[in-house]
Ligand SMILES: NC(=O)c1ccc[n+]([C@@H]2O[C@H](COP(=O)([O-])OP(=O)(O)OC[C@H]3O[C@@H](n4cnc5c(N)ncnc54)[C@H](O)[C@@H]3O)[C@@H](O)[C@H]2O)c1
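Taking the form predicted alone, here's one chain by itself in structure tokens.
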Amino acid sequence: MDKIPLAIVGCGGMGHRHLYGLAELQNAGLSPFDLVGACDPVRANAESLADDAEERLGKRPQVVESLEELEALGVVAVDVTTTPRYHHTVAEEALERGWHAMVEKPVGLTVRASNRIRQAAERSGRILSVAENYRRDPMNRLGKALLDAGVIGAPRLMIHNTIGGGSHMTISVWRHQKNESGVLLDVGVHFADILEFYLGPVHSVYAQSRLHEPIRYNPAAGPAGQSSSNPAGVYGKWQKQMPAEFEATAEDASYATVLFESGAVAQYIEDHAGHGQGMWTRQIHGSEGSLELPSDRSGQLITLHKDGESICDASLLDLVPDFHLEPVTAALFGGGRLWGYQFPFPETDRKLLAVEYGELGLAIEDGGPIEVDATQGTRSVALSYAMLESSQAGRALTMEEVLAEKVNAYQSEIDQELGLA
């Protein structure tokens, strides 16, 4: 079968990470794609990705600076890895040109931008996948299987608490700017997706949000040339060019109570300005026991607490005899029934990105399902913003009113700047 002509649009740090995922899939003999284009208005970024592609894929894609130039390359699908403020314009144009698209999360910079992408996908009839990788982690797959099998009974409470970061820059300057995708959206959208992955649709949210650290510091710009936040080691060359100190305009902490349609509740803390002792906790408490879940992409173990015992070994698999990872995931991670894994973070990162590509390829070739489509991706954006909107409104908000854009006071200035008001 002929390969699917693909272009990566947006060739900065995230574009390079996606390239490494595509190479991981190809090295496993599972890639249906032919990377024909590297597209970025900053030509140096596109040249950098093309150079990396030649080394990792054995073929150099054509470097272009616009979607119009991709037409001549016979593109069938694009992977949109621009910064989030451009997601809706790039995705809409790609879908209008008849291309399938995978869009890095958050699918849009606001709920309105996300709704625009969702509507464009519906009009076009093309596939739109949101690149959400945390739920694809084999440990989250196992955790979900244990939950669905009723191992802890009916879920009652989820605790998701993460605290740390201090005043250091998280990956890049734009992740601390409200109009570029603040950290509570850029990171929080992962956690929003995880909440609904485990416990189903969220009904309503009450939250308090804060900007604790209005001045952020970039260690990579200092003499040591190191950063405390550089996933997969990809971003270093860009971080060195960023300012050593800058003003943050996006909130960096949310404290929320989340009510699910099922009646379950989540206690949620996402604090990227924490000093002193850091924290990571993800637990689900049910009517018969509880699950203690590891941090995403770590390969660390799940612990089941039940009947006075704690289980965190291979015997967990005995409780879910029908649990099997998807074929692409199983091939990349070395088994269909995993209860843990050990890979360096950059390798885990690219494996999960490879899984996203694998799903997209199967959907294009055979009409297979897309797990995180535009609708689910938009829900994650809405849940992240529901916390910010709730804090500003001073009341609990339903997901329905945020998704329908009935409450968007926090987002309104962003939409105006994007020309979406």
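Residues carry their position along the shown sequence, with the first being 1. For clarity, every value in this text was computed on a predicted model and none was experimentally measured.
Beyond what is shown, the protein has a form predicted together with this ligand; the following relates to that form.
Would you please decide whether E104 lies within 4.5 angstroms of this ligand in the predicted bound form, comparing each non-hydrogen atom pair?
-> Flag for E104 set to yes.
According to a 4.5 angstroms non-hydrogen atom cut-off, is G15 in contact with this ligand in the predicted bound form?
-> Contact with this ligand, yes.
Evaluate R350 for contact with this ligand in the predicted bound form, applying a 4.5 angstroms cut-off between non-hydrogen atoms, and reply yes or no.
-> So R350 does not count as contacting this ligand.
Classify V42 as contacting or not contacting this ligand in the predicted bound form by the rule of any non-hydrogen atom within 4.5 angstroms, answering yes or no.
-> V42: yes, in contact with this ligand in the predicted bound form.
Of the residues R116, K178, H190, K144, which one places a heavy atom within 4.5 Å of this ligand in the predicted bound form?
-> Checked against the cut-off, the match is H190.
With this ligand left out of view, which of A131, L293, L128, M169 would have a heavy atom within 4.5 Å of it in the predicted bound form?
-> Contact residue from the list: A131.
Look at the stretches 87 to 95, 198 to 206, 258 to 266, 304 to 312 and give the one with heavy atoms within 4.5 Å of this ligand in the predicted bound form.
-> Heavy atoms within 4.5 Å of this ligand in the predicted bound form occur in 87 to 95.
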